[in-house]
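The data below hold one chain only, encoded as structure tokens and taken in the form predicted alone.
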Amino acid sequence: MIYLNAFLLGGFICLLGEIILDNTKLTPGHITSIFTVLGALLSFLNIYPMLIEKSGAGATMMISNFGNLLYEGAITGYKNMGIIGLASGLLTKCSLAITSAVIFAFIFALIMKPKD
């Protein structure tokens, strides 16, 4: 059942992105930012952890999970070190994702031929 829930949630998030992209003048960058902020907001409202529990990878593979990770890292840092930890803990949970994105982008930039 978790596979079906993951497929449905992931598909729904992608569907929302496509609907927004097709019916507004927003760019993909704007939509990505909206989903990141929405993920942080849902995490603040304690809804996103329930989505992760119900659908697993359907919620953790989306860009909205990046907002969730930013929020969780900031709150953990704040609880451990106070206001300084708020900024330092912000990127602790998602540092692996950011690092791997930079490394893979570099590798693909070496392999692929850019269009003129």
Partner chain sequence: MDKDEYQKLVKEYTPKENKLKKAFLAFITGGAIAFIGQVIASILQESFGMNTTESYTWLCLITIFTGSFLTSLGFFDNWVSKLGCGLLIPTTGFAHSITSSALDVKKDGLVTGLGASFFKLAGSVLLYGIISAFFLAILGVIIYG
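Positions refer to the first chain, counted from 1. These numbers come from a predicted model, not from an experiment.
Quick note: we don't show the form predicted together with its partner chain, though the next part is all about it.
The closest non-hydrogen atom of residue 32 lies within 4.5 Å of its partner chain in the predicted complex. A residue is said to contact a partner when one of its heavy atoms sits within 4.5 Å of a partner heavy atom; residue 60 meets this definition for its partner chain in the predicted complex.
Interface membership of residue 81, defined by any non-hydrogen atom within 4.5 Å of its partner chain in the predicted complex, is ruled out. Proximity of residue 56 to its partner chain in the predicted complex falls within the 4.5 Å heavy atom cutoff. Contacts to its partner chain in the predicted complex (heavy atom within 4.5 Å) from stretch 68 to 91: 70, 71, 74, 75, 78, 86, 87, 90, 91.
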